[in-house]
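To begin, one chain is listed below as structure tokens, in the form predicted alone.
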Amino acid sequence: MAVPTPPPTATSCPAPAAPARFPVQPLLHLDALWIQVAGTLCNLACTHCFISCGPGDERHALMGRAEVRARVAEALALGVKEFYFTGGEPFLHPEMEEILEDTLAHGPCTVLTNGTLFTRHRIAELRCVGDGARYSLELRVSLDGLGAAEHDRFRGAGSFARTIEGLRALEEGGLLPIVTLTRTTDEDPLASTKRALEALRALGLTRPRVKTLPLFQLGRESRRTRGYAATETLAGLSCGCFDPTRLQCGSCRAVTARGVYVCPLLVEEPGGRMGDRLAEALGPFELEHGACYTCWVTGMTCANG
């Protein structure tokens, strides 16, 4: 007579598979501070903006001059060597030139801008601030295509012409901007950079500089195309494959009017905020976000390098 099989017990059932863990990024050294000086205020409402900035948007408020000074002082005490200003659009800030003058006394500064607000007066003022500074001033101007049709479909009709006009005026004023070109295709980055340099020379820039960046499936871009797929994750990346020096979050933090974040890409992502003060944000960070996947697979950095 066959003996009936006993029902499974807690000890006889196979244990459920543990969820794949995300790699943890240590802060190796704090070299760069990103300052979202304009908050989410912008004169454009780009369809691929990973923070969804736009006119009248104050989800992250403008940071006042005194607030920026305090953040810079806090960062210097922790070893920060360079500063990046972003938004929104930094040149909507009524004290942007004064903030730059303050900060350039302590380290190199880069301003990320859409390039549409450069008057002759502003360029002359920026040249004066840069020439009188102890450290270098860089301006990074965003382009989403090398012609009006491609660029304007992201940023609005007429924006390409205004940006190119701004780039020409910056070069004429003695300020050589870095053009940040969004990679909207799978073209090889080196080939994309070469093509961009040729196109910018044809548009009248004699000494163009180009940096390429990928799209991030965040903010408006997640609605324009799609968000991150379940497979676009660093979950399960083995310790042997993880290089803690590869990502910029190993050497930077970002500040907005709402606190300290791990990096400028995640200021709207749940879990991106690390505290109120920089001293609270010096610990490791779990790379569980889709943007972490993009940074990892492309090897990109938001910094100038």
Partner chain sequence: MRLALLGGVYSNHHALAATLADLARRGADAALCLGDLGGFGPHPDRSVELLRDAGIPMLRGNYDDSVGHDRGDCACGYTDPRDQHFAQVSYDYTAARTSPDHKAWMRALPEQQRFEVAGRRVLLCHGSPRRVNEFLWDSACSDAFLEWLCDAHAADLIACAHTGIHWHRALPSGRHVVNAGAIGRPANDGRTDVWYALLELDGAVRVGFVPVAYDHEALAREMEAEQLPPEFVETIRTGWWTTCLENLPARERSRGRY
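Values in this document were obtained by computation on a predicted structure and should not be read as measured data. Residue numbers count along the first chain shown, from 1.
The same protein has a further form, the form predicted in complex with its partner chain, not shown here; the description that follows concerns it.
Trainee: Check 29, 107 and 207: does every one of them have a heavy atom within 4.5 Å of its partner chain in the predicted bound form?
Mentor: Affirmative, all three are within 4.5 Å.
Trainee: Heavy atom within 4.5 Å of its partner chain in the predicted bound form: which of 130, 145, 166, 219?
Mentor: None of the other options qualify; the answer is 130.
Trainee: Of 235, 124, 215, 176, which one comes within 4.5 Å of its partner chain in the predicted bound form, counting heavy atoms only?
Mentor: That would be 176.
Trainee: Answer yes if any heavy atom of residue 76 is within 4.5 Å of a heavy atom of its partner chain in the predicted bound form; otherwise answer no.
Mentor: Yes, residue 76 is a contact residue.
Trainee: Heavy atom to heavy atom, is residue 138 within 4.5 Å of its partner chain in the predicted bound form?
Mentor: Yes, residue 138 lies within 4.5 Å of its partner chain in the predicted bound form.
Trainee: My question is simply whether residue 190 lines the interface with its partner chain in the predicted bound form - judged by any non-hydrogen atom within 4.5 Å.
Mentor: Yes, contact at 4.5 Å.
Trainee: Taking the shortest heavy atom distance, is residue 120 within 4.5 Å of its partner chain in the predicted bound form?
Mentor: Close contact is absent here: in the predicted bound form, residue 120 is far from its partner chain, nothing within 4.5 Å, heavy atoms only.
Trainee: Looking at 90 to 98, 220 to 228, 148 to 156, 192 to 200, which one sits within 4.5 Å of its partner chain in the predicted bound form if you count heavy atoms only?
Mentor: That would be 192 to 200.
Trainee: Does any residue in 284 to 303 get within 4.5 Å of its partner chain in the predicted bound form, counting heavy atoms only, and if so which ones?
Mentor: Read in sequence order, no residue approaches its partner chain (within 4.5 Å, in the predicted bound form).
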